[in-house]
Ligand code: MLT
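Starting off, we have a lone chain in the form predicted on its own, written out as structure tokens.
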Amino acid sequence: MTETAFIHRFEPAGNAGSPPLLLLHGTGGDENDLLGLGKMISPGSALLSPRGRVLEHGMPRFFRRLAEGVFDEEDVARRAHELGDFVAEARQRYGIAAPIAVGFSNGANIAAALLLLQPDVLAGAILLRAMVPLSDPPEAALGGKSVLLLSGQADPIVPASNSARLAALLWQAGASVTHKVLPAGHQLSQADVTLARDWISEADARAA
């Protein structure tokens, strides 16, 4: 697979000390969707933003689903490995460290799958409205990785029990998980931006 297999945007770091971000859009989004969010939550970070390669009624996604909330898990695993290969090649091409994934909805789900299947690809993750991506994931070693999981209390797509199960799954794999349930639906709110920005600032302080 060639690195150009994913249509993507890359914006170099404005501040060498800021962690690179891997931006993963939701269903129907593209490589431009989360650039503004990335700049808001971590000004100065390098931004790597691929477009999902699966089309659902013409809308880009990162993997196939059989129905809303029902994933084609074989495709999830295959696409997560493809994304992992893309990140590895992009790191070499652009000279960046392992990124923190910032994923929304479908993008958050593929980021969670990537954490579980290829833990070394990511430095950590901000998962916005994520669900459990794999019903029987392999044992992952996520020690030393931090994950921020932000769920919506009134989310019609992600049941509270599912996001709680994802938090437990990542915690059991050794990740340091912060899970917050916000008074919001599936769409992002200002609280998501504020919490994500604060979490990255704290992660920078810990790494310093």
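Computed from a prediction, not measured in an experiment: that's the story for all the values here. Residue positions are given as counts along the sequence shown, with the first one as 1.
What comes next is about the form predicted together with the named molecule, which does not appear here.
Asker: Taking F10, S49 and Q92 together, does each of them reach the named molecule in the model of the complex with some heavy atom inside 4.5 Å?
Answerer: Contact check failed for every one of F10, S49 and Q92.
Asker: In the model of the complex, which of 119 to 127, 92 to 100, 106 to 114, 134 to 142 comes within 4.5 Å of the named molecule (heavy atoms)?
Answerer: Heavy atoms within 4.5 Å of the named molecule in the model of the complex occur in 106 to 114.
Asker: How about H179 - does it come within 4.5 Å of the named molecule in the model of the complex, if we only consider non-hydrogen atoms?
Answerer: Output for H179 is no: heavy atoms all beyond 4.5 Å of the named molecule.
Asker: Given that the named molecule is not shown alongside this chain, does P183 nevertheless sit within 4.5 Å of it in the model of the complex, heavy atom to heavy atom?
Answerer: No, no contact at 4.5 Å.
Asker: Determine whether any heavy atom of S146 comes within 4.5 Å of a heavy atom of the named molecule in the model of the complex, and answer yes or no.
Answerer: Close contact is absent here: in the model of the complex, S146 is far from the named molecule, nothing within 4.5 Å, heavy atoms only.
Asker: Heavy atom to heavy atom, is T27 within 4.5 Å of the named molecule in the model of the complex?
Answerer: Result yes; T27 sits at the interface with the named molecule in the model of the complex.
Asker: Please pick, from A168, L55, A160, I157, the one residue with any non-hydrogen atom lying within 4.5 angstroms of the named molecule in the model of the complex.
Answerer: Answer to the contact question: I157.
Asker: For a quick check, can you give me the residues of 30 to 67 that have a heavy atom within 4.5 Å of the named molecule in the model of the complex?
Answerer: R61, F63, R65 sit within 4.5 Å of the partner.
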